[in-house]
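As a starting point, one isolated chain is supplied in structure tokens, in the form predicted on its own.
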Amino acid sequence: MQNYRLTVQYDGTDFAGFQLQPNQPTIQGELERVLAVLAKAPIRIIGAGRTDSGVHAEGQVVSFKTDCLTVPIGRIPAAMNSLLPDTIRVLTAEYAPSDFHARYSALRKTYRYQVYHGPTADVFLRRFALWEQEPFNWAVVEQAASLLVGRHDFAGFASTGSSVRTTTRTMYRVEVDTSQRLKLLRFTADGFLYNMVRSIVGTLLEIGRGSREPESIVEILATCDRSAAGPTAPAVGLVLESVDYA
């Protein structure tokens, strides 16, 4: 069967996450619904990242195999977009090697968390960024964020109950960009645990507000104690920015 690779972006506000959920709208459900119309046969897709309810994507990658799709490869994005809701868009479609797997072939992923300041919430940003009203110190956030780079056990930043075999991940880069009104926290790693980015952001926000010290990052990594970290930041500001492959 032919293997396909799509790059997809979406506003996750109105969806119960990427993965199929009973009786709830999901990104996977919408993509599979449209592909089934075009192929006249059911198609199961695989996503690079199983983003949670309310989480967005700028460069989600999905793969699937089928011999039933007759739409020319260059026309697939337009054909799918004509049937998808306005909050989901297929950006590119291409043939992939037979062994390509959107999730397992990924070498690294980049997530971005978006924060903005102001005396009142901004109606034009409320679906895509967290409103931070309190006085905030981005310099100490950048100092703390640098402590995350490297290969660490990130169990202290993961939701409990995960069934993963190991909680050790390599964080290649953490970038704090405060050059614009929309402040960006960008994380690139070889993989992420469930709620890992949002837990890290929740901790960094506490550091920025002055309610904890930057060095607490070292303690959380060393003890793997989730209760020592900050709260899980809201989904609203999280974006799956890109997925890198060989």
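Predicted model only: the values in this text are computed from it and were never measured. One-based numbering along the sequence shown.
One more form of this protein, predicted together with a further copy of the same chain, exists but is not displayed; see below.
Of the residues Y172, W138, F128, F100, just one reaches a further copy of the same chain in the model of the complex with a heavy atom at 4.5 Å or closer; this is F128.
Stretch 83-91 is the contacting one of 150-158, 83-91, 102-110, 67-75, since its residues have non-hydrogen atoms within 4.5 Å of a further copy of the same chain in the model of the complex.
In the model of the complex, a further copy of the same chain lies within 4.5 Å of some heavy atom of E58. Though the partner is left out of this view, T120 does reach within 4.5 Å of a further copy of the same chain in the model of the complex, counting heavy atoms only.
Among heavy atoms of T232, none comes within 4.5 Å of a further copy of the same chain in the model of the complex. In the model of the complex, Q9, Y10, D11 are the residues of 4-33 with at least one heavy atom within 4.5 Å of a further copy of the same chain, listed from first to last.
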